[in-house]
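So this one's two forms of a single chain, laid out as structure tokens and tagged structure 1 and structure 2.
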Structure 1
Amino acid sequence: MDRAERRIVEALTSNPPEVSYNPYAYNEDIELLSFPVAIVLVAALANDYIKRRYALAEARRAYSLFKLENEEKIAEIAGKFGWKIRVINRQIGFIRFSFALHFIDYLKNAIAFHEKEWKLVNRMVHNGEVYLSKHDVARLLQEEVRRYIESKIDLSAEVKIPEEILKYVEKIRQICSEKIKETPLEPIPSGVVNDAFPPCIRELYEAIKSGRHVSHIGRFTLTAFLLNIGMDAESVINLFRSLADFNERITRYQIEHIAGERGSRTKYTSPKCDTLRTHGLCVGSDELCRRVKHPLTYYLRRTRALEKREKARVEE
């Protein structure tokens, strides 16, 4: 119980969320049994933020351990998740590949990453297999572990928790009270027209609200866009609280920097459509998208169109 408590507290209080592992601190029975106990405690806390944060911390710990394993053991672990993977240790040009992974298993996990190097078109593919390094497979397994742990935590289950376990739940809640985000996200301030968001911004906005992973360029794009259409920095900071890796000090600094309130005092604008397409952030254009070259131009034109429509409706 003490080890399970420590796993959760570490996940909630460290930035980025981490769960340490010292092989000499606990015997194997304690280390193994503390994991399902921690799952019970997280479920009892009944907080989606804690659930995502804990899953991410455990997945990151697993990632650090995967990197220490040999290729055969990594392939064995991946096989437990149903992956079609094999060890190849093949040199092609100046690059050495350790694994060949079926492209379906690759896409299932790489879809959460928005960096260019994870796009299938930028990978070596042969006979339906993606050639990968040990580091790449460890990173993909981290995402698999994160999703697996989240699937094991049912916040809606009505289970009677023993009194002794409830004491641990309340203790964790008190220790991490400042880190646990239980208040709902603040609504979009008046004056910001959500219906006028271009498709790319709407996708990023919904991803952040639901706590899904968004790349650095995606976070910058959304932040700069919202600040330029009138949302204040504090509301943007609150929007990012739903992310499992949220760090208020770092997030506040970055957002205030983009807003021109720090550093060079230059207010940034969101990237152009061409740049967003390059980074894979364009999710499909509508008719208006094809007539503009910048998300802010889309927003302004869409806002005017909505205003005219509303004025015509009132006059009728």
Structure 2
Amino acid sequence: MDRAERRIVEALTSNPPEVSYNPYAYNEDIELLSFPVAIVLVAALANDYIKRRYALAEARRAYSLFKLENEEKIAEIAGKFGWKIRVINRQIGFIRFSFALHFIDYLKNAIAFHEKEWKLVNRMVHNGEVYLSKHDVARLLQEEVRRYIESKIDLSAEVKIPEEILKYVEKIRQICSEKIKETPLEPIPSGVVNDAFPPCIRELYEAIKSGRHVSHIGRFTLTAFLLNIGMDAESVINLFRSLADFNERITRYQIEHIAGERGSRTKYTSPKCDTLRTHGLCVGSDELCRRVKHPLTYYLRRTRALEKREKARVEE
């Protein structure tokens, strides 16, 4: 029980989060059994932040351990997760590849990483398999473990927890009360600040305003972006008014749909940078673009910078 509690506390207090592994402090049985207990505790804590943090910390611990194992052992563990993987040990150019992994198992995990070396197009892919180093596979397995643990923790489950264990839950909750505080979502500044548009959105905005042709997905991107930064549906409809093929009824329907006022009631978010690149809507990045992955993040940062500048000017 104590080790289970420690596992969670370690996850919440270490940075970057990682659960420790110390075979001298705890014997094998305790290490093994404390894990499912910790899962129950996390579920009882019923907090999404703790759940994600704990899964990540356990996954990072697993990663550290995987790296110490030999290729055959790693392949065996990966096989337990249903991966189609082979040990190959093959030298191509100056790189040594240790594994060949089926591209679907690769994509399901690599999709979470955003560095360009994880894009499939930058990998050696042959006959349905991606060629990988040991380090790559350990990293992908970390992601698989993280997803696996997250999926094991069901926050909505009504668990009947014995008094005895409830004490631990309360204790962890107290220790971590600072960490548990949900970080509030950043409020989007009210007025729409055109100067803070990222290049892609500015391009679409100018195109629509001057009545130039914009593809369907381009229109969707612009509309969802403007609605997300707080422009009301009416103003967005008016923006489209300058188009030659403007049809108020259809435009209104589509825009209200994107705003979540119709149909499925889903409020759509504009696509991320990566998606815009796929569809050829990224017009090339500026300095700030290189540091963000989403046009909305760009907008938030830029408005904040502009506000600061504005304040500085007033105080002068």
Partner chain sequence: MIDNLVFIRNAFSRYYSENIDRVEIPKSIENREFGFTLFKEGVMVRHKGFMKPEDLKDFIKKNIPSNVFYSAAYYSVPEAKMDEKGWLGSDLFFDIDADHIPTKCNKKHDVWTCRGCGLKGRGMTPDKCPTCGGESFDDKTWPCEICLETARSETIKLIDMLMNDFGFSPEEIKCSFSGHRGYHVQIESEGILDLDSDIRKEIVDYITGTGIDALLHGLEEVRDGKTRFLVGPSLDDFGWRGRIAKGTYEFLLAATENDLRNLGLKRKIIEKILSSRDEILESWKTSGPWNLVEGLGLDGWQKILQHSATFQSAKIDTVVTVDIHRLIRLPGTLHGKTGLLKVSFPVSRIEDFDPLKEALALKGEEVKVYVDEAPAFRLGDEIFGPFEKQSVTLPLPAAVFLLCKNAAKVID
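Not measured: the values here are computed from a predicted model. Structure 1's sequence is the ruler for residue numbers, which start at 1. By rigid core we mean the largest C-alpha set that fits within 1.5 Å across both forms.
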Legend entry - Chain form predicted alone: structure number out of two: 1
Inset, instruction - Determine whether the C-alpha of residue 257 shifts by 2 Å or more between structures 1 and 2 once the rigid core is superposed. - result: yes
Legend entry - Post core alignment: residue 230 C-alpha displaced by 2 Å or more between structures 1 and 2: yes
Inset, instruction - Determine, after fitting the two forms on their core, whether residue 56 shows a C-alpha shift of 2 Å or more between structures 1 and 2. - result: no
Inset, instruction - Report, to one decimal in Å, how far the Cα of residue 277 moves between structures 1 and 2 once the rigid core is superposed. - result: 3.9
